[in-house]
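There is one chain below, alone, in structure tokens, taken in the form predicted on its own.
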């Protein structure tokens, strides 16, 4: 099992609230935690050191870096440009280091969009008067700049609802304890940690095969897709994305390079994987056509909408009497991939079925879609399928063998399926 991926912790808020002090406290307090040094066009202040506090560049250089896609986020604040290196942050998180960012509110919101699993902490003083006093006491800005920063603070606080945590930085001692508690709690969340070895130790034979995935490239699809009828309404299904997200975590924990292609879902992409959000079945198909030839396995856990409206209205359909909606089938992604890609990677499919013939239909799908394996889960059984944290079913392989999985949490089942798929492919390689 690999080390758990690092967490991306973002401390933000108006200038002068003390976020830099809190950020450096996390670096000093916790091992494997690094401070992200931003690039900026503003001049060096006081005792700041190049490469330690910021990377200072000319405005022309910064604009060239934007064009090259260098930044994970960038923003203009108080007339100066600031940005965070995309590649540097990704490499640190992958090796297991947690990255702490001290950035403005604009940048924090961009980070959340690019890394939904990031943790945003909003810092504020107990009153505007306290903030004004702190800004003035820094002696780095004249009175006009201080006034402008206070005006900006009134806008910045309007975004507090987009943050995960809030700290009122009144007494520094209390704030330090609070930010420590947030960091510790975040690291202990199951989504942010590797699957516990203590769990595997109870039934190690069930997890044999996980080792196969170390260093492999795996694509996991997840969530539902949305097929729009206008700019507001769409055709979709009830998938939460939890099963797909759990599969991505399982392969991540086994040491795979995971590409997570997800439609809209209640569950965001887990840390430590490369997440690509999509909306429609066509968008998902286009990504997979490009990426599947380079993969060792495609896990098709997404609940792709089977139908889409035949016509799209560029606006909002007015409610007036009866609206007749004509639907047409969306592309069968796996069948189209099999037909389009010359050397298709092995596929693990999912089949949610209802009724007594569910197993038969699942096996038919496996053959029809050219999958190496398919996980059949009965949608009409309590605690299985969509909008639930548990699942159960049977993983069928194309050689006629199968593995039955009793009802348990989706995270646990994902580990079992990942191990079983590893055992199956290792057996095939031996043959």
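Because the structure is predicted, anything quoted here is derived from the model rather than measured. Residue numbers count along the first chain shown, from 1.
From this point on, the text means the form predicted in complex with guanosine-5'-monophosphate (5GP), which you will not see here.
- Query: Ok, 119, 254, 103, 219: which has a heavy atom sitting within 4.5 Å of guanosine-5'-monophosphate (5GP) in the model of the complex?
  - Reply: So the residue touching guanosine-5'-monophosphate (5GP) in the model of the complex, by this definition, is 103.
- Item | Partner-contacting position among 224, 246, 351, 84 - heavy atom within 4.5 Å of guanosine-5'-monophosphate (5GP) in the model of the complex | Looking at the other structure, the residue within range turns out to be 84.
- Specify the contacting stretch among 287-295, 238-246, 196-204, 95-103, defined as having any heavy atom within 4.5 Å of guanosine-5'-monophosphate (5GP) in the model of the complex. That would be 95-103.
- Message: Under a 4.5 Å heavy atom criterion, is residue 346 part of the interface with guanosine-5'-monophosphate (5GP) in the model of the complex?
- Response: Residue-level check for residue 346: no, no contact with guanosine-5'-monophosphate (5GP).
- Verify the contact flag for residue 396: yes if a non-hydrogen atom of it lies within 4.5 Å of a non-hydrogen atom of guanosine-5'-monophosphate (5GP) in the model of the complex, no if not. Taking the distances in the model of the complex, the answer for residue 396 is no, it never comes within 4.5 Å of guanosine-5'-monophosphate (5GP).
- May I ask you to check whether residue 107 falls inside a 4.5 Å heavy atom distance of guanosine-5'-monophosphate (5GP) in the model of the complex? Because a heavy atom of residue 107 falls inside 4.5 Å of guanosine-5'-monophosphate (5GP) in the model of the complex, the answer is yes.
- Item | Close approach of residue 335 to guanosine-5'-monophosphate (5GP) in the model of the complex, 4.5 Å, heavy atom | Looking in the model of the complex, residue contacts with guanosine-5'-monophosphate (5GP) do not include residue 335, since no heavy atom lies within 4.5 Å.
- Even though the chain is shown alone, can you say which residues of 148-175 have a heavy atom within 4.5 Å of guanosine-5'-monophosphate (5GP) in the model of the complex? Residue within 4.5 Å: 149 only.
- Pin down for me whether the residue 85-residue 215 Cα distance shrinks or grows in the model of the complex relative to this form (closer or farther, change of 3 Å or more). The answer is farther, because the C-alphas of residue 85 and residue 215 separate from each other in the model of the complex by 3 Å or more.
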